[in-house]
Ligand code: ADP
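Before any questions on binding or motion, here is one chain by itself as structure tokens, the form predicted alone.
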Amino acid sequence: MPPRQNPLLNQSPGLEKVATLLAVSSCKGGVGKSTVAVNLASALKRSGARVGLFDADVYGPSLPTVIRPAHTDLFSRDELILPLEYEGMKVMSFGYVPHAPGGSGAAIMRGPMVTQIINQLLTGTEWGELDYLIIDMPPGTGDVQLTLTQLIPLTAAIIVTTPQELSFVDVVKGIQMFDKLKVPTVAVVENMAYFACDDCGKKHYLFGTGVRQRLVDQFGIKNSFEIPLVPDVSRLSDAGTPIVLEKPDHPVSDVFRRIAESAIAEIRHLREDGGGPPGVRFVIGRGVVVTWPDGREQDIDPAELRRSCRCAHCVEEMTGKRLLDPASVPADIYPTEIHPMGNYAVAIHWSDGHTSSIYPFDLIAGLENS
């Protein structure tokens, strides 16, 4: 999936010199998305990159809490807003915009006005030359998020979640939203994944074992990370200092560095290697035909592919036990619909009525030719 082209870049002098726009998103609030965004930006900055951070949440901007720039007065030059500076990063948030005298600062407005404000702040800020502009997206997958993703020429997205079962459903919604808008999801971060006991060192999964492995198995997400529940992270965030900057040798800081490195590598792959997913189609007489980026074609027996489904209807989620009886799959089964699922998998609807099949390309590559 090549980087998106968007005419907004040509209409927005503030974004002209920004090389990469990377969204940090979550499908519900309270999962630590802003903390991840700030520490990711800090990790990229420590790697030597030129970094900006934009808080796109108008209803509940978090940036003024998790970082504390020395100066927060806004000024303009040549009709563009000058961003604030924090530890060498350029930052902007609706939370820094002066409100009406006597106002509480709360944003009470309808979606179209919110989108307009976000667009004005993002495209009307003089970001200058940046390697990465991190967009801390508002939580959810509603009209504001959809419209914002259509307006902003995003390069890629990172999704933040928590271990609960409900979070898995929300992550799928996020992947599907970005996929429909041609924005590849390059990593999933499972925040508050576990608590490590100081005395015994044992990991306690307070909210369950998480959904990270299911995302790897079912969607082929290659870059997935666990961030433990660590008091230092929330304490430092409340104090306005990212842990990556305050404690660069902390194990959690190392996780954020690895997230940054994986995002850089994946975006480089998207640009330099084409990065597009393989083509998948059904051809009568050949079966399911996969055309890999190097031009090689692989023919797969549809029945074999159907039997390889890893969805919750076909494989027991907790034990991995196969629920699907291979003998129940008709030999003449065929796909009725095929469409990409992000950069790493393909979704297939089958003639037997099964609609939950998502196949990572790593799994498909391991199947024998028919």
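What you see is a predicted model, and the numbers here were worked out from it, not measured in a lab. Numbering starts at 1 and follows the sequence shown.
This protein has a second form, the form predicted in complex with this ligand, left out of what is shown; the following refers to that one.
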Notebook entry, point to check: Can you say which of 174 to 182, 147 to 155, 222 to 230, 77 to 85 gets within 4.5 Å of this ligand in the predicted bound form, counting heavy atoms only?
Noted result: 222 to 230
Check: Heavy atom within 4.5 Å of this ligand in the predicted bound form: which of S262, Q298, N119, S237?
Finding: S237
Next item on the list: Sort through V244, V290, M192, V188 and report the residue having a heavy atom within 4.5 Å of this ligand in the predicted bound form.
Entry: M192
Next item on the list: Answer for P340 alone: is it within 4.5 Å of this ligand in the predicted bound form, judged on heavy atom distances?
Entry: no
Notebook entry, point to check: Does R306 reach this ligand in the predicted bound form, with heavy atoms at most 4.5 Å apart?
Noted result: no
Check: Taking 4.5 angstroms as the cut-off for heavy atoms, does K45 touch this ligand in the predicted bound form?
Finding: no
Note to self: Residue-level contact is defined here as any heavy atom of the residue lying within 4.5 Å of this ligand in the predicted bound form; does P69 satisfy this criterion?
What the structure shows: no
